[in-house]
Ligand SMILES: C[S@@+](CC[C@H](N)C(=O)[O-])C[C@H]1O[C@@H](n2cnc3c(N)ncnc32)[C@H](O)[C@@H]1O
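Consider the single chain below, provided in structure tokens and representing the form predicted on its own.
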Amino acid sequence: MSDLKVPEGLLSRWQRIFGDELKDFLEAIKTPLVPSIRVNTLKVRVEEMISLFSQRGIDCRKIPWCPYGFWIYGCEEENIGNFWEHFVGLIYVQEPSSMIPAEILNPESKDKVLDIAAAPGSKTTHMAQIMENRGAIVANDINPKRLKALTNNIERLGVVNVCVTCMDGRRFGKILPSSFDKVLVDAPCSAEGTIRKSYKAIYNWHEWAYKKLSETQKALLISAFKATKPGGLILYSTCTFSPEENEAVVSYILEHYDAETEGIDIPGIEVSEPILSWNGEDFHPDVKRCIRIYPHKNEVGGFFVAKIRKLSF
């Protein structure tokens, strides 16, 4: 890569992950993402919003896995953020792969839902939209500074079924055991999948960070498992390619708790196989139902998703 220096250790890891696809991947991450939005149907019908954009000469193209998600052509993302439709909450600027977790978790209007690491609120507000502002969502984040963005987005989009909390997500399993029908763990991660938007993950790369992050992710997923009702659903996702943060975390839960993974079907996207072993460790066989989403195969950032069913406490 002539215009981007990738640390040798990271490039070596990517070679092991992508194999013969590495060249395509390296080319893809140099290509900026097409801007995308989610139309907020709590405030406006999709057809009305598309008409408003059409009047500006902006072309909206459907994102197959989200009924109100659109790629935007004819306008830069920073300009979309200045539209009055954005200020009043008719739209939410959101990367297409970020729309996947809420669509897969698919919370119902009667559900009690926990978003264990919610800020800035992309997936919280998406779930509220799916639930039509009914049921209840606990949107939590450990960082008080990030709560401002979360609460602002909740208010801007007209969401009323959310309770915001600020605490360590690892505590939920102890203080609210078996309390939620569905839990989203969109875990803090090394963010390698966001490189098409920002090279920060490359510039800040450190080999030692994977172990530290994976320990936090395991603890959050354990807490989520304990906070979920028996028979309930947990959606675990990251925006990184690291097996330590993805398959290894899911494998740990499958090996130590009464849980199973379920198959994932996403229309209109090309998914890649999970990694079944890494650094001499063979993962639990049910990890095979997890999916990876790569930027060189889709007009999205990188993503990992696992759908986990809690069988019993």
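Quick note: we count residues from 1 along the sequence shown, nothing fancier. What you are looking at is a predicted structure, and each value in this text was computed from that prediction instead of being measured.
One more form of this protein, predicted together with the ligand, exists but is not displayed; see below.
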item	value
Proximity to the ligand in the predicted complex, single hit among Ala119, Leu233, Met131, Ile72 (heavy atom within 4.5 Å)	Ala119
Contact assignment for the ligand in the predicted complex, among Arg170, Arg156, Lys229, Lys112, heavy atom within 4.5 Å	Arg170
Which of 181-189, 78-86, 198-206, 104-112 lines the interface with the ligand in the predicted complex (heavy atom within 4.5 Å)	181-189
Thr240 within 4.5 Å of the ligand in the predicted complex, heavy atoms	no
Interface membership of Asp141, the ligand in the predicted complex, 4.5 Å heavy atom rule	yes
Heavy atom of Leu220 within 4.5 Å of the ligand in the predicted complex	yes
